[in-house]
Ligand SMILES: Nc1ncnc2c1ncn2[C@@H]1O[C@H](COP(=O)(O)OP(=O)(O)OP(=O)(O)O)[C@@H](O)[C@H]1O
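In structure tokens, the next block holds one chain alone, the form predicted alone.
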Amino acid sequence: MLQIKDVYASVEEKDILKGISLSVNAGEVHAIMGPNGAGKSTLASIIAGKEEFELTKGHITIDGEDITELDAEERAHKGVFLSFQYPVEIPGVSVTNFIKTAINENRKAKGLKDMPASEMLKKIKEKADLLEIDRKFLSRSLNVGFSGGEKKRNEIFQMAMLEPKLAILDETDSGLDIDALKVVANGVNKLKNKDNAVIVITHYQRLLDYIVPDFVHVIMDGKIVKSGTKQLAYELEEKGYDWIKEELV
């Protein structure tokens, strides 16, 4: 599904990614771990096409289609979803109206008409029930006054409604207590299937107790320096990253 080939990237003329290659197949969950400043969030941003990050070398393809030159909106229409570390607040725009607009923009990009209101309401009800979301929550202004857990739950709801091919969760566990973490992880687990893929970016092994990865990759100094199974995450929790640095010397 996703192929990243020898990608180099920079932000504000500072080199961050230095030759990343990664393959993610449908049905797989990949975890990206690494110390602060290693390039984890830059990788997420480069895949999603955020404009402040410059891809200076390499290619990214989705289902064999090169998306390297596409902007963020076009990549979203191709099925790429990015959950932000710090979701933005949009006063006056309800969660429901935001998601209706997003879905219909996706449909428009594919040459389809707007989703009929009855179908939209049915889908909203189904996904809200699946994720155990109170309907009152859906009428609130997007992220305004939301707790950290509510913001992350809202993003998982957006993901459920948009049904992306590739979901990238960028430190979605940041600032969450254990109950909120379980809610978010439960939502992701209910939504993953054989036709989509998930990339989870995290500092901590604890999230991976709930969203179990097929593969774990460690990024250091802009490169993937080690890959393995979930067991690698336990080793990192126990030993930190210094032992990997020592292996590389």
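Since this is a predicted model, take the numbers as computed values, not measurements. Position 1 is the first residue in the sequence shown; the rest follow in order.
The same protein also has a form predicted in complex with the ligand, omitted here; what follows describes it.
Judged by heavy atoms within 4.5 Å of the ligand in the predicted bound form, the contact stretch among the candidates 63-71, 209-217, 183-191, 47-55 is 47-55. At the 4.5 Å threshold, heavy atoms of Lys40 reach the ligand in the predicted bound form. Although the partner is absent here, Pro35 lies within 4.5 Å of the ligand in the predicted bound form, judged by heavy atoms.
Lys239 falls outside the set of residues with a heavy atom inside 4.5 Å of the ligand in the predicted bound form. In the predicted bound form, the ligand lies farther than 4.5 Å from every heavy atom of Val225. Shown without its partner, the chain has Val11, Glu12, Lys14, Ile16 in segment 1-32 as residues with a non-hydrogen atom within 4.5 angstroms of the ligand in the predicted bound form.
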